[in-house]
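Okay, here we've got a single chain as structure tokens, the form predicted alone, with questions on binding and movement later.
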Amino acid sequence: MTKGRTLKRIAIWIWLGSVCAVSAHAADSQKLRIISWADYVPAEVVAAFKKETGITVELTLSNNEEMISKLRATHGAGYDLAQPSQDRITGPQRDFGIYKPIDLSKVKLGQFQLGLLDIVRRNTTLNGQQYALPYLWGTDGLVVNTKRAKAADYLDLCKPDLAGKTSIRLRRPTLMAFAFAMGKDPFALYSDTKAYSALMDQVGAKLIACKPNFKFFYDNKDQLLNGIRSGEVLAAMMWDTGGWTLNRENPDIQFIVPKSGALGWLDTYALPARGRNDAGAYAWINYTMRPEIAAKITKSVGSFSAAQNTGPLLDPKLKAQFAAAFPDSVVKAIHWYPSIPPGLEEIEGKVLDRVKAAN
């Protein structure tokens, strides 16, 4: 083979490689891979987004634990946008490097509620870089059939007259709720493993003593909703919009903000470290924070958007239920989950296992 032919062949391979690279990039820019929760990415919003931008959304349903596991296994590849809770970001990022910082210059920050932006900024900033933006939020409190039971705080689920008629989920939010109801602040002990472990042991003992009151530990929303509808369960620790759904069916069933405070969760937008379509991710973030789009998402999932100016677009009944449960003073008293330090979930898991195994 002559030198000229060799150079020509090399040039052809370089040209083919560049064409393939350009084609792959073009394909990536037309597909947005999102890993998120059920109902968070409504089909009608996906269709409207594609019509406006030409970008197809590919959705994978997941939860916090699975999101972290999948991104850890791929070193942050496989998805362009993830939606973990704000307390599950800096720990995994510190340990595994699965996210990339948010480029705030590409975000229409004026579309976000400033208070929620600030909460997420504080809880998802690591080494001076912010790794998430707020998407949806809600609270856990009490749902009570007020005609047949009385409960004003989480510990009331343990009252003798409610034996066999209450329910909780055997997960860490219940540990946090009972700790606050016992007059403690578990979040204030996050940096003191010994003190935190001692508090969790106390909470575990309280839950074990209360176990005869629990009709069941619920695993999914339908199980709990049906238990309350049937009258099998009269009071439960439960999320706000589930309680409001039941209230629309039966006015005697009400969502109650506990005296010790509601627990607030915030799910986010986060960019996986090796996502291939950041431009599409930012386009989706800005699109879904538009008030009219955010209102459609709220209708789909039942939880509240972090977007500004959605109030006039929401269902009037839902707005009234929210206003009744959360006047300004109560909103300010919500206990927002901070970022979880390493090791605490292992402590909690052992306590939950003891409660589950107790007779």
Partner chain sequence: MQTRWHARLMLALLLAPALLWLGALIILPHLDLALLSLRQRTGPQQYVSSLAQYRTFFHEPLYWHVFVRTAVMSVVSTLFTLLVAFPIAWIIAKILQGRASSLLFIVCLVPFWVSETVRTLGWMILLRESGVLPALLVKLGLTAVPVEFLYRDATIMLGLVYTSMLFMLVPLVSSLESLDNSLIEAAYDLGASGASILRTIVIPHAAPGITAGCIIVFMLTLGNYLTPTLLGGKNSEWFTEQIYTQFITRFNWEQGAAFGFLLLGLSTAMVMIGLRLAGQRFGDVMRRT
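Residue numbers count along the first chain shown, from 1. No experiment lies behind these values; they were computed from the predicted model shown.
Separately, the form predicted in complex with the partner chain exists; it is not shown, and the next lines address it.
- Contact check at 4.5 Å (heavy atoms) against the partner chain in the predicted complex: all three of 93, 226 and 230 pass.
- Just one listed stretch, out of 264-272, 112-120, 133-141, 69-77, contacts the partner chain in the predicted complex at the 4.5 Å heavy atom level, and that stretch is 69-77.
- Proximity to the partner chain in the predicted complex, taken as a non-hydrogen atom within 4.5 angstroms, holds for one residue of 108, 221, 211, 159, which is 211.
- The closest heavy atom approach of residue 65 to the partner chain in the predicted complex falls within 4.5 Å.
- Interface residue remark: residue 259 is not counted as part of the site for the partner chain in the predicted complex, having no heavy atom within 4.5 Å.
- With a 4.5 Å cutoff on heavy atoms, residue 216 counts as touching the partner chain in the predicted complex.
- Though the partner is left out of this view, residue 165 does reach within 4.5 Å of the partner chain in the predicted complex, counting heavy atoms only.
- Residues of 340-359 lying near the partner chain in the predicted complex, listed in sequence order, are 342, 345, 349, 350, 352, 353, 354, 356, 357, 358, 359, the criterion being any heavy atom within 4.5 Å.
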